[in-house]
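As a starting point, one isolated chain is supplied in C-alpha cells, in the form predicted on its own.
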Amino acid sequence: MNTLDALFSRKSIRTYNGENISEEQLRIILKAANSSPVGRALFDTLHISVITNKEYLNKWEDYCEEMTSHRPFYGAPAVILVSSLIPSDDLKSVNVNFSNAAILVQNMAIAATELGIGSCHIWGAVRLLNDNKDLLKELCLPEGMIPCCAIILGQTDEKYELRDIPENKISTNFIE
C-alpha cells in the first residue's frame, strides 16, 4: 500500500475479533510513532504507554461506562496512550504538546492501516482517565506527564478499502 492509499482507506475500526497484534506489528506501529515530526524537537516531553493488561483496560472501561454509559475500546486488546508534559506556566504554547501527541497517534493509525490492523483514535476516555487519580497512578507515568490521546489496536475482520473522499468535505477558503 502506498501512503496515499493508506490515507484514503484509513477509517476508525470499532469491531475487533479479540486477537492480539503480533510483537512485530507492534514494533512497526511504535516505530511509526517514533518517526513522527515533533514541534520544536521536544521529544523528551512525550511518553508512550502500551497497555495490554486486560484487568487495567477493564477498570478504565468500567469507569468510562459509569461516567458515560459507553465502553470506548470495543473489545480491542491494546491501547497505546500518548502523554505529554503540559507546562502550566506557558499556556500559549500548550497546543504544541497536544498536537505532538495527536501526530504520534495519527502516524500509528496510518501504520496500522498499512498492516491491516484495526485502529481508532480515543479522546473521551483519555479525558475521563485524567479525572481518575487511581487509574492514573497505576500507569506509573513519568513526573508531570498528562495523558493527551490514545489509539486502540487489534485484529479485525473489517477490511480497509479506498474510499471516495469528497474534496469539499471540510470548509476551505483560499487567501491569495
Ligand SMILES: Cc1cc2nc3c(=O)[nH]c(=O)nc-3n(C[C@H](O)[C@H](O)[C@H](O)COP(=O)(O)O)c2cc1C
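Counting begins at 1, following the sequence as shown. Note that the coordinates shown come from a computational prediction; the quantities given were computed from them, not determined experimentally.
We do not show the form predicted in complex with the named molecule, though everything after this point is about it.
Taking the partner from elsewhere, residue 56 is found to have every heavy atom lying beyond 4.5 Å of the named molecule in the model of the complex.
Residue 17 falls outside the set of residues with a heavy atom inside 4.5 Å of the named molecule in the model of the complex. Taking non-hydrogen atoms only, residue 142 never approaches the named molecule to within 4.5 angstroms in the model of the complex. Contact annotation for residue 27: none of its heavy atoms lies within 4.5 Å of the named molecule in the model of the complex. Taking 135, 33, 120, 115 one by one, only a single residue has any non-hydrogen atom within 4.5 Å of the named molecule in the model of the complex, and it is 120. Picking from 61 to 69, 33 to 41, 47 to 55, 123 to 131 the stretch near the named molecule in the model of the complex, with a 4.5 Å limit on heavy atoms, gives 123 to 131. Along 5 to 30, a non-hydrogen atom within 4.5 Å of the named molecule in the model of the complex is carried by 10, 11, 12, 14, in order along the sequence.
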